[in-house]
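Shown below, as structure tokens, is a lone chain in the form predicted on its own; questions about how it binds or moves come after it.
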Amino acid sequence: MDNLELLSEYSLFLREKKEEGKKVVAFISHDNIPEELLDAAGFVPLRLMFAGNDELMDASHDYLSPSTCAFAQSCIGLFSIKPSHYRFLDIIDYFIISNHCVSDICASEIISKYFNIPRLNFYISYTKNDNSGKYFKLELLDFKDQLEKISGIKIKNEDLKESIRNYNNFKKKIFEFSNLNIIGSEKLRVLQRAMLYGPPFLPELESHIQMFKENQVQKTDNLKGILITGGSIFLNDFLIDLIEEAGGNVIFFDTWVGYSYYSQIFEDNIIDSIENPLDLLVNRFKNNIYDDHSVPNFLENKISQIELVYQEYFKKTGRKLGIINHIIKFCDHISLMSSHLKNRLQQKGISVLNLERDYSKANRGQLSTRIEAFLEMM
């Protein structure tokens, strides 16, 4: 299924939810928004995880400086132009203003203000300690209160816990799928689709797992294994194609669209043992040590995570794994640590390519050359 068909089906899915009386709440995709609260309140979470192009980036410049994260620019461009296959943006009821990064909060506020979408506020701490956990719970309580005022319905603990359980089972199944030995573009296509739809996608996800288990026809042995870290490969981005055309295969997506999302799971006994479901969400935030809000230990945690995947891959295949640190242009979170990450991993004998780019198709040839050279060096 190509992306245009997916977007058409997703638009129909959202419109059906609207006809059922549900409200659509959009947010710029990152890994700390409590989807379960939205679900328990009867709302539909909509992750903005759509890559850009020159047209979308240029369309944002009336609102935001060109020296801003290319992904944030593209998000604004989507609402400014609203290409035909993104018409579902018209049915968004609320937009979450959050502060994962400076570009996130700027773009979210611009989208809410200039495109007349009521805002919901949800702010997160940039540190991971006891006080940040307490702050996160206060934000959860405030966010819950905002949702209850809109819906006019009290969110019951049992409903929230049931939503947490549903998302937990869903993420476990994504985890299972992510471990299949298949071509990276196929894996990414299903991951993106799963994260757009959420738990309603579970039956189809199970079908994908069964199909790939029964029909292991895709050979990856002659391709060079790649781990993508840094910025996600979003829907309609061509980067995965460049990697595969050069002879590489992404076996691990260490990004928002990937491990950062589906690794946030609980053991079933933990869900049962904690009375207040908000405490489960707080614990998940505190245990999410591999994202770039894990100050001050983000770099150490990220290096240990990549090294673990590298060693497991080498043990399993006898081959080395290459690391592409995908840096979306003007993304401060990723670029600030890029040289340190590369140096530390190279000291451990792990090959790293820091690949900084925006979504301009004019750079495609240059990107291909760099990726090909990196794979040859491996």
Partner chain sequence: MKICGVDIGSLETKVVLLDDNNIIDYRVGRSTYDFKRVGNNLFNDLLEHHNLKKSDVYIMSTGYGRNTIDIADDRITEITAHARGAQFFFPDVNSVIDIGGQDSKAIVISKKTGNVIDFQMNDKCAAGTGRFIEVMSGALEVPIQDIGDLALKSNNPASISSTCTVFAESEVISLFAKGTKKEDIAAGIHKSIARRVAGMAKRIGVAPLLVFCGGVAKNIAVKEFLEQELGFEIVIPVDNGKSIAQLTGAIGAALIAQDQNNG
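Numbering follows the first chain given and starts at 1. Predicted, not measured: the structure shown is a model, and the values here were computed from it.
One more form of this protein exists, namely the form predicted in complex with its partner chain; it is left out here, but the text below deals with it.
Contact check for Glu5: no non-hydrogen atom falls within 4.5 Å of its partner chain in the predicted bound form.
Heavy atoms of Arg344 never reach within 4.5 Å of its partner chain in the predicted bound form, leaving it off the interface. Among heavy atoms of Ser368, some come within 4.5 Å of its partner chain in the predicted bound form. Put simply, Ser360 is close to its partner chain in the predicted bound form: some heavy atom of it is within 4.5 Å.
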